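Coming up is one lone chain in structure tokens, specifically the form predicted alone.
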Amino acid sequence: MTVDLLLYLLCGLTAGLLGGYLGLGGGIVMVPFLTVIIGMNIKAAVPISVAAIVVNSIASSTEYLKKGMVDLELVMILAIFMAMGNITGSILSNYVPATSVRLIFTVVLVYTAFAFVKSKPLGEQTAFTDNRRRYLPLCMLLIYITGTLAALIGIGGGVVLVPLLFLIIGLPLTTARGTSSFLVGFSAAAATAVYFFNDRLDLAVTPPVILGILLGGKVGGYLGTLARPLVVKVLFFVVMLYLAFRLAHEPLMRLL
């Protein structure tokens, strides 16, 4: 029992460090850790991951907020659509085959990874206000879809949110990471409520995972404010390809 608690704590700590540093929710580490290493059923791992993402967002976002690296105007607008998507995804999780969702999200992640690497020069500060007016309706739709898929597979959605805010809206990379981290928490809270009221949240496992992600997210968020954009790009590329592999491996093996 003690070993299990330490594993859950380690899971949260690792996810918090990586998620806070990159502006992600942490689910990209947590779901594979819970399912592959600990052996938990993915249907049980997803609600735990979503609940812990709320805490990780709060832990890591405080550091970005202190340094003015969160676009609160965008958060107020986009959080509504992200939350709507998360609620939709958590409800659809009872009906949509996990295999289909994994394969769709794999395609999105691979495309985003390469698009992020080939993006504009890192030092370029764009006039993102103009891009906001032009592309905000498109971003609302994409964020709703992202929220739906994120809730289905138990990730925060930052792997899509950060490139979306950076490449389409035109936010500086550090601000995109901070805004994503803050936004993910609001939306994940909505999905967590749905899972809780449907009795799908394991209250015995969730607390140690949340404790670990709280500690890791605080440290990761602080380190993220000091990170060089080139380092973030490389890590983002690696993390997204890793997630794509983890999502696609099992469904593809069944087809072969």
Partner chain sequence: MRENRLSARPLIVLQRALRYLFFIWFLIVTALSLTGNTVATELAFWGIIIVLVGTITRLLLTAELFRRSALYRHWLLSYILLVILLSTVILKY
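Numbering follows the first chain given and starts at 1. In this text the structure is predicted, and so the values were computed from the model without any measurement.
FYI, the form predicted in complex with the partner chain isn't displayed, but the following is about it.
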Item to complete: Identify, from the list F186, Y144, Y135, F105, the residue with a heavy atom within 4.5 Å of the partner chain in the model of the complex.
Response: F186
Item to complete: Kindly confirm or deny that M76, I91 and T206 each have some heavy atom within 4.5 angstroms of the partner chain in the model of the complex.
Response: yes
Worksheet item: Hey, in the model of the complex, is C139 touching the partner chain, heavy atoms inside 4.5 Å?
Response: no
Item to complete: State yes or no: in the model of the complex, is some non-hydrogen atom of L5 no more than 4.5 angstroms from a non-hydrogen atom of the partner chain?
Response: yes
Worksheet item: So, in the model of the complex, is A113 in contact with the partner chain at a 4.5 angstroms heavy atom limit?
Response: no
Discussion item. Although the partner isn't part of this model, could you tell me whether K43 comes within 4.5 Å of the partner chain in the model of the complex, counting any heavy atom of the residue?
Written reply: no
Item to complete: Choose one stretch from 159-167, 145-153, 82-90, 105-113: the one whose residues place a heavy atom within 4.5 angstroms of the partner chain in the model of the complex.
Response: 82-90
Worksheet item: Who in 165-193 is close to the partner chain in the model of the complex, meaning a heavy atom within 4.5 Å?
Response: P172, T175, F182, G185, F186, A189, A190, T192, A193
